[in-house]
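Consider the single chain below, provided in structure tokens and representing the form predicted on its own.
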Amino acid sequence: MSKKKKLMAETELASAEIIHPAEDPKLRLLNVSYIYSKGTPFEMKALDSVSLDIHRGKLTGIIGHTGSGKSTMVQLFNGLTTPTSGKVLLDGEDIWAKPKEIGKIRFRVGLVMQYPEYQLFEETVSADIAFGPKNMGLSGEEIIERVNEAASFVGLPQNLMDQSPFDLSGGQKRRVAIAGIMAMRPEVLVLDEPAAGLDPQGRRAIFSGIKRYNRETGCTVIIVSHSMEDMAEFCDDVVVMAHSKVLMAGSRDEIFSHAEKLEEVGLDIPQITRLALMLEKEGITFPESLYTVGYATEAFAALFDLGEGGGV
């Protein structure tokens, strides 16, 4: 696709964007912009007047090309960076209303950066997971409870808890780092590419644990990922970023019903969705968008009237 056609597609999509405000959002961005190296020859706008609601208790995925602004956005959620303009609201209150208390916000909004395993430093797995809860001033009994709970969510067996985190595999180290944030029981858990560099089995294990954590605790979870398959499989809502703006934001069903438009602006779509679009061009239509293998299996069974265990 030429640059001109791609720009036209992005303009068309932006004019028909899906952005549904929440009645009671957990997090809200109001006209937020962020500029790196402002006032210098290297000035770059990472976010451009972004307004967005993150729905309370939902698992929201944020996706976009490198440089689209998604990683900058998540660093604003817990006050790691300060917006150049606009406001970040947590439960309706500006997180920068009291700058001296921004540390309290970081306990409420836990952020797991890319490759968090490089930040491990304690002698044992359990000590590393316990670091955050200790800094919260919790009792020893409460710390132990939280460490065990977090380890369970990320799938760390008890026989690893007394080992050095540096003796673990890459995927296990990643789980330890994520568990360390979960153990603080933040109201919002933000993860920037939590499965980057892992094999398919490792990716599924990480995302399955995060989804279980979301469902069982009610914690609002935000995941940045470059994989549309992960967004389709695990998220309730999806935010699509492009050129420092929110291009689309809505439920998973809404976003993937615009699969062709996502392709037009150069974003990947799940392989099963690509197959469904090819079949539709051949006259085989489906009642709704297909974006997971499970949905596709049900759709094909209905289309060809397959009974349980039956054939065509």
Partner chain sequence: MKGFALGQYYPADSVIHRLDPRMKVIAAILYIVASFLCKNFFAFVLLVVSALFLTLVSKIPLKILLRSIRALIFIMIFTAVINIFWFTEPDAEPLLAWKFIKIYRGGLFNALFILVRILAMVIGTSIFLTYTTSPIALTDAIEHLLRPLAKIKVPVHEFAMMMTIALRFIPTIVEETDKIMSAQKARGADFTTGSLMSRAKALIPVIIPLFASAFRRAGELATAMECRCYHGGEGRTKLRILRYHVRDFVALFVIFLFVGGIIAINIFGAKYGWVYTM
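Numbering follows the first chain given and starts at 1. Note that the structure is predicted; figures quoted are calculated from it, not measured.
Below, we turn to the form predicted in complex with its partner chain, even though it does not appear here.
Proximity of Ile181 to its partner chain in the predicted complex, heavy atoms at 4.5 Å = Ile181 belongs to the contact set for its partner chain.
Would Asp128 show up as a contact with its partner chain in the predicted complex if we use heavy atoms at 4.5 Å?
-> Flag for Asp128 set to yes.
Mark Pro194 yes when one of its heavy atoms lies within 4.5 Å of a heavy atom of its partner chain in the predicted complex, and no otherwise.
-> Close contact is absent here: in the predicted complex, Pro194 is far from its partner chain, nothing within 4.5 Å, heavy atoms only.
Is Leu120 close enough to touch its partner chain in the predicted complex, meaning at least one heavy atom pair within 4.5 Å?
-> Yes, Leu120 is a contact residue.
Counting only heavy atoms and a 4.5 Å cutoff, which of 83 to 91, 210 to 218, 194 to 202, 109 to 117 contacts its partner chain in the predicted complex?
-> Result for this chain: 109 to 117.
Pick from Asn148, Thr124, Asn135, Ser169: which has a non-hydrogen atom within 4.5 Å of its partner chain in the predicted complex?
-> In short, Asn135.
Only one of Asn78, Ser152, Thr72, Ser227 has a non-hydrogen atom within 4.5 angstroms of its partner chain in the predicted complex; which is it?
-> Selected residue: Asn78.
Those residues of 40 to 54 which, in the predicted complex, come within 4.5 Å of its partner chain by heavy atom | Pro41, Phe42, in sequence order.
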